[in-house]
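Form predicted on its own, single chain, as structure tokens, below.
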Amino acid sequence: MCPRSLSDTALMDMVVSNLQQQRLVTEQLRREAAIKRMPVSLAVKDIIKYITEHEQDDCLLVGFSSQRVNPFREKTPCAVL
């Protein structure tokens, strides 16, 4: 007895499926290659500029103006009557 092998149609289906998958991967790689890139040094400068411009609005740096606007404040305990 010879070992069982895939039928011709099953083999063709696998080849076609693999080919379609490879085409999708190739298309994705082409899209990613077309993305405009910027040097890290410029990106870091932009991030630093944004942070310094918005640091006065950052509650973690300057705190909250009152406890009412603090979303992390302790909730009042519930009283059961």
Partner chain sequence: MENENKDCPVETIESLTKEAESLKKKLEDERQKLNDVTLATAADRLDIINYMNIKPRRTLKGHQAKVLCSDWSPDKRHIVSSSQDGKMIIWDAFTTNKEHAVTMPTTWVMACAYAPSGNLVACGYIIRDITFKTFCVQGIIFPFRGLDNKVTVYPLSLEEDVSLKKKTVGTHTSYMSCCIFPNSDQQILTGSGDSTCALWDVESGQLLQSFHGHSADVMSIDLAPSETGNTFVSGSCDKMVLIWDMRSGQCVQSFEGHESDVNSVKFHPSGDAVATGSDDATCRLFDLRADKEVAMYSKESIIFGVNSVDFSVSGRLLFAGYNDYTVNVWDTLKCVRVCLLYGHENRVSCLQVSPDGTALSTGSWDYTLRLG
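No experiment lies behind these values; they were computed from the predicted model shown. Residue numbers count along the first chain shown, from 1. For the two forms, the rigid core is made up of the largest set of C-alpha atoms that agree within 1.5 Å on superposition.
Omitted from view is the form predicted together with its partner chain, to which the following refers.
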| item | value |
| --- | --- |
| L11, heavy atom within 4.5 angstroms of its partner chain in the predicted bound form | no |
| In the predicted bound form, residues of 42-71 near its partner chain [heavy atom within 4.5 Å] | A43, V44, D46, I47, I48, Y50, I51, T52, H54, E55, D57, D58, C59, L60, L61, V62, G63, F64, N70, P71 |
| Q67 C-alpha shift between this form and the one not shown of 2 Å or more, rigid core reference | yes |
